[in-house]
Structures are given as C-alpha cells and as structure tokens.
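The chain below stands alone, shown as structure tokens; this is the form predicted on its own.
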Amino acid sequence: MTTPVDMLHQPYWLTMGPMIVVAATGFVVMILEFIFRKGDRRWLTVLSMLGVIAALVVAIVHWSAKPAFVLNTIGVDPFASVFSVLILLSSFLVLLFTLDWSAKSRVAAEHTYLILFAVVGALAMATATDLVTLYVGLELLSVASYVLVAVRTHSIHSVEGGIKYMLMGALGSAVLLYGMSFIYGISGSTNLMQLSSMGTQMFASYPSITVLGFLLMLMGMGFKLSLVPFHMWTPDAYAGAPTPITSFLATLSKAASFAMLLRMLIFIFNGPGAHLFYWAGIIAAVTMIVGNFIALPQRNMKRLLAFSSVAQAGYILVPFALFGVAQAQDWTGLFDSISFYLFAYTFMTVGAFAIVYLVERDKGSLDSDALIGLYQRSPWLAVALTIFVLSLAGMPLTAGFLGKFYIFVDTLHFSTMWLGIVLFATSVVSFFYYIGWLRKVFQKEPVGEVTALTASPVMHTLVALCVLGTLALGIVPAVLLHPLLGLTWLY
C-alpha cells in the first residue's frame, strides 16, 4: 500500500510534467481572461502556445526516459511519450489556427483555455494506466469539446452541431462505462497492470461477460472515433463547429482516443482474448467503405472532410486488428505504423482545413465550387491544398502514401490480406472526390476579374508547417521512424 511518505517520493514531474505545464497555463489564461475582458486578447492565445511549446519540450526530453509510474494511475513510457508529443504538436497547430480565426470572427474568448483543458484530458488519456483515470481524461476532453463546437452561440449550425455531438458523446461514454463496469465486476480491479495478468482467469471464469465488456468498450470508443456505425454525429458537428475546432476534433481528439483504445485493448484483452480483435478488423473495413462512398457525393467541403476523417479512422484501426494475430515481438512494427499515420494525418488534415477556412472566408461559401480558380487567386495555397489532398488520398512522395503503405505491408505480413485489399480499394475510391477538388482548383474563373486570395502571415506559417510535415514524412520518413525504432513501447 502507498503511504503518505511514499507519495512524496513519486516521480510526479517525470510522469505528469506536460500535463502540469498545460494545466497551469490553462488556469493562468483563464484568470487573465477574467481580468482583461476588453480589447484584443489574442495575446492569450500566444501565451497558450508558449505553454504548449514548454510542455512539448518536457515531453521530448522524456521521450526515451526510463518508465515510471505514479500512484499506479499515471505513467511515462515510450507509448505515453510518443502520443504526448503528437497531442501537443496537434494542439500547437490548432492554437496557431485559432490565432487568426479569433482576429476575424466574433467568438467567446473562453475557447483558448477550453482548448488547453481539453489537451490536459487528452494527455491523461495517453498516459493513464487505470480505467478510472482514462475515463476522467476522456470526459475532460469531451466536455470541453462539446462547448468548443457550440462556441459560436449566434450560429444555429454551431449550436445544432454541439448538441448532436454532446448527445452522441454522452451515449458513447455511457456505453464505454458500462463495458468498464463489467470488467471491474469480474476482476475487482481497474488497474491495467493488474488486469493484464488476470486476462486468462477472466476468460476462463466469465467468458461471456468478458466478451460483452470488450464489445461495449469498443463500441463506446467507436462513438469518439467516428467509426461506422457510430459516426452519425460527425458531419453535423464538423460542419457546425468553427473550422479550427473542426481540425481539433479531427486530429487531437482522435489521436487521444486511439491512444486510450490501444492501451485498453492491449492490456486487458490481448492474449486469451486475441480472437476478439477480429471485430476491430470488421469495423475498420466497414468504416473505410462507408466513409469513402458517402464522401463521394458531398459538395460541402467540411462535410466531405468529415466523411474523409471517418474513412481515415478506418485505416488507422486496421493495425489494431492485427494485434490479435501478431506475436509480442512484432508489436513494435504495429505501434510504428499507427503513430506514423497519426503524425502524417495531423499535418495533412490541419493543412486541408486551414485552406478550406481561407476559401470560405474569401468566397463566403463552403460549397466545393468556391475552389474554382483558386490557382489564379493564390498559386501557393492551391499547390499546398494539392499536396494535402493527394496525401489524404495516398499519392506517392507524401506522408499519407507511406502511412497507408506501412499498414498495407502489415496486413500482408500477418496474413490478413483482405484488410489490405479493402484499404487499397477504398483509397482508390477516395481519389475520385479529391481529384474533383483539384479539377476545380486549377479551373479558371468563369467570368469577371480575378481577385487575389490574401491570408495573414499566421495562416501562411500554419500552411507552410503542414506542407513541410506532409512532404518531410513522405520523402524522408526516417526523420520520424528513426526516433521510433528501438522503442520498447509498453512495460
């Protein structure tokens, strides 16, 4: 039992350093927001970005630190470090996005510290080793996200998207908690370390309840990850939310949810429950097919990217299914594939949403026809959007291609070629709607004088960072793969 004296010697900073920095920044920004309620308060966003950079430095310093755990609930290991860096990188890009958005839109100033508190929840989901802590982190991220989607209270679409997201999110949380309660009921523990050694006993004594717990937990996380058939909230929430928040939902929220799902499945169900991972493969296949085919007729750019994100979640779920057939010594390759794709997905998705935001602001429309003549109005943004959508589709020399390639090779290596075929075929389908965008981008304006599309230096910086990340991971993948090689992901 941990005594009060032992608690004083817990490695709090090592395990919770990034969370402490981001949480402290969030409280400082919240207090300052109450004090300075008038005038331009974008400096609060800059302050938030500095806090995230400080947390990112702490996470990178601890990248290969010796695993440590505090109070048996929060830990630092390579798994936590990699996902913490990914979450903080995503949050920096989103905050940079909001810096421009808040200057040109009527928006509640609370969004800045709400994003920071959501990041704290996301970091908890990446580092927690206890079901209760994981769930608390998930709820902190979710509640902040519901408010952020509906933050434009003067917009009926924003409020509608926020309400739908909250209702479906609450249903997903209830289903997840119900599944966790079954696991706790038959094991008497919520600690993942203890549960990992009780898998055989749980399956031997309560096989049906254990399987039911697995399915409920997978379904609950399916709501959070927009997996089919739990994706119904996605198009309305994505279309109604302010575009920087949409990019937040599509990248940061998904990365944290995948980290939480992966840690739960590996610790609780792998081994005696390996055959259950086949269900993840089925959901991945259905998600890839439905997401891509529903995206085909979409004319609203944000709704198309919403269904594209559904399909992308299916791609990322494929390696999850392979854990059921892989030996422990082969897990490193699967972890590498998942993390590489999530890093690539973050750059290309935030970049695509940034340009959609600029086009919407320029033309006052989210219809894909607003892309017509983009190359004439801004050649740089047109080329950048081309790179992002080709990467999302899986064109060679982009990060998205290599991400899909690594996952495809994994399906061949573990003799699950049917999943690789579905991945390849649905990626081909995605070319049709992305090429439709590019045709309009390079199409000339039908009539009238061409007006240049202008963007702030902040947005140019954001787009340039995303282009750099997308091309660097596509042409020189070693910049990420080299630090990942040799990591012992879980202890």
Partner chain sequence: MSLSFWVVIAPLIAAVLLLVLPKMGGGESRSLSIVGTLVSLVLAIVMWLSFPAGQSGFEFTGQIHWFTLPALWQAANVSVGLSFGVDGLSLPLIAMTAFISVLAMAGAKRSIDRPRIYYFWLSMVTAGLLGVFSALDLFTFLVALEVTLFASFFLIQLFGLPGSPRAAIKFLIYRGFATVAMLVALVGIAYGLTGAYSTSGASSTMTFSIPQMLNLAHHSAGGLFPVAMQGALLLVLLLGVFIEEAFVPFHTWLPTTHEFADTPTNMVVGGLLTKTGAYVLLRFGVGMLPGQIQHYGTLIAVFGVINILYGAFAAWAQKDWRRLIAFGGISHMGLVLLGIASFSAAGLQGAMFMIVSSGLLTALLFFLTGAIEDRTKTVQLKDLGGLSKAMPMISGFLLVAALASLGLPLTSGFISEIQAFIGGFTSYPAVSFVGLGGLILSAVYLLYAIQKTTFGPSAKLAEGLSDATAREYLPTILLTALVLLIGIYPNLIGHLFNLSVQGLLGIGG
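None of the values given here were measured: they were computed from a predicted structure. Residue numbers count along the first chain shown, from 1.
Heads up, the form predicted in complex with the partner chain isn't pictured, but that's what we're talking about next.
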Tell me, which of Tyr341, Trp233, Tyr375, Phe97 has a heavy atom within 4.5 angstroms of the partner chain in the predicted complex? Tyr375
Pick from Leu402, Val85, Val120, Leu134: which has a non-hydrogen atom within 4.5 Å of the partner chain in the predicted complex? Leu402
Choose from 355-363, 136-144, 252-260, 408-416 the stretch whose residues reach within 4.5 Å of the partner chain in the predicted complex, heavy atoms counted. 408-416
Contact with the partner chain in the predicted complex for Ala452, defined as at least one heavy atom pair within 4.5 Å: yes or no? no
Does Gly333 reach the partner chain in the predicted complex, with heavy atoms at most 4.5 Å apart? yes
Contact between Leu438 and the partner chain in the predicted complex at 4.5 Å, heavy atoms? yes
Is there a non-hydrogen atom of Leu468 within 4.5 angstroms of a non-hydrogen atom of the partner chain in the predicted complex? no
Looking at the partner chain in the predicted complex, do all three of Pro67, Thr200 and Leu276 come within 4.5 Å of it through at least one heavy atom? no
